[in-house]
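This document opens with one chain alone, in structure tokens, the form predicted on its own.
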């Protein structure tokens, strides 16, 4: 696999860091997460009920984002915990990836300049909401605020209603894709020059970059697109329409007159001016789609060259034949949660396919392998670290 032999030390929490390193782990890198029960990754408690019997090991979200990784439990509030992290950097790691707020790594003495002193060719990635510099760098927030600040919320929703952010924390999801790509570039640069580097990624800027078409339109001619619901300025009909059954829907987007004529032929009517009255167009299409089953109608329209697809539930995604054909889902036995469906990334490298081999780690599951095998501590020394709440 393409990153086999690469050694990655991961600090941080949530999705913005772990998704990036998951790409590396899936393609052969050894990724070790530094965690602590004293201040656990918030994903370890996400969606857990107050009566959950699994404690910090019961979060499906944490499990989904961290397969193929290892976990060492080190309390960074202790000097010895920090010293052990520094040893891992100096003696083992090629890459350090973190997504703390600016200043947190410096508080521990683990910022890039300090770590570069331990390993001059270190590649380090820092990904936070605003980036490491600028007047707002210390503002707190998550992807929900990121989507608003980057402009997504301005576009999402209905024209006569308040803005609605896209589902999930979209900048948390976008930014690690950029981090993974930047890490690959930095590693190639190091191979060619012997030089390390520090990647400073702002989730806000990654979000703005993803909307660059709209930014350049405003820059060029003052256009400022507004919320339009499911409408599209160049496509019609363009929306989600009801189908037969409870809560069943189909998405249709017509790009050309040829596609429009094909859709009207399927509807059994003459083509009309689809842009003249969008409300009327949507109503007539919806009345027709409501008579049909979503998947069958999607396949029929696709055969006619009309872009269409069923609105799938998450249960249907797990049974989707296209995803199954490409091996998107991999079932692995988690020691606490049981058999789970883990996702491979959407990239397939022809000569270096990624593999998911083991579920996400339990907290501190690999303390002996990391502290013993990598740093040379004996069982007695590790036990003392645990007793002193350093390895916890």
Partner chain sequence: MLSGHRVLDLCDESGALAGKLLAELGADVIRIEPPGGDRASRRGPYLHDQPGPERSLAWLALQTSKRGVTLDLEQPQGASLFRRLAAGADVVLETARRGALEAIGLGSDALRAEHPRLVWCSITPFGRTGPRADWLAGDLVVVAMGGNLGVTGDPDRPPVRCSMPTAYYHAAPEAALGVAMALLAREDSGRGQGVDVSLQECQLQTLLSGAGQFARSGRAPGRAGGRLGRTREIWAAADGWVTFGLRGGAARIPNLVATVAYMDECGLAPDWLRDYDWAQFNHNELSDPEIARFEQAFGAFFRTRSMRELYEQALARRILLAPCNDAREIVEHPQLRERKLFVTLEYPELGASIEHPDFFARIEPRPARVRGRAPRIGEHNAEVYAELGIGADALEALAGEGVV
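Residue numbers count along the first chain shown, from 1. Just so we're clear, the structure is a prediction, and the values are computed from it rather than from any experiment.
Absent from the display: the form predicted in complex with the partner chain. The rest refers to it.
Here is the short version: of 117, 79, 103, 305, the single residue with a heavy atom within 4.5 Å of the partner chain in the predicted bound form is 305. The partner is absent here; in the predicted bound form, the one residue of 90, 185, 267, 290 having a heavy atom within 4.5 Å of the partner chain is 185. Within this chain, residue 239 lines the site of the partner chain in the predicted bound form, having a heavy atom no more than 4.5 Å away. Heavy atoms of residue 194 never reach within 4.5 Å of the partner chain in the predicted bound form, leaving it off the interface. The closest heavy atom approach of residue 73 to the partner chain in the predicted bound form falls outside 4.5 Å. The partner chain in the predicted bound form is not approached by residue 30, whose heavy atoms all lie more than 4.5 angstroms from it. Taking the partner chain as it sits in the predicted bound form, the stretch 184 to 221 comes within 4.5 angstroms of it through a non-hydrogen atom at 184, 185, 186, 187, 188, 189, 191, 192, 195, 196, 197, 198, 199, 200, 201, 202, 204, 205, 206, 208, 209, 210, 211, 212, 213, 214, 215, 216, 217, 218, 219, 220, 221.
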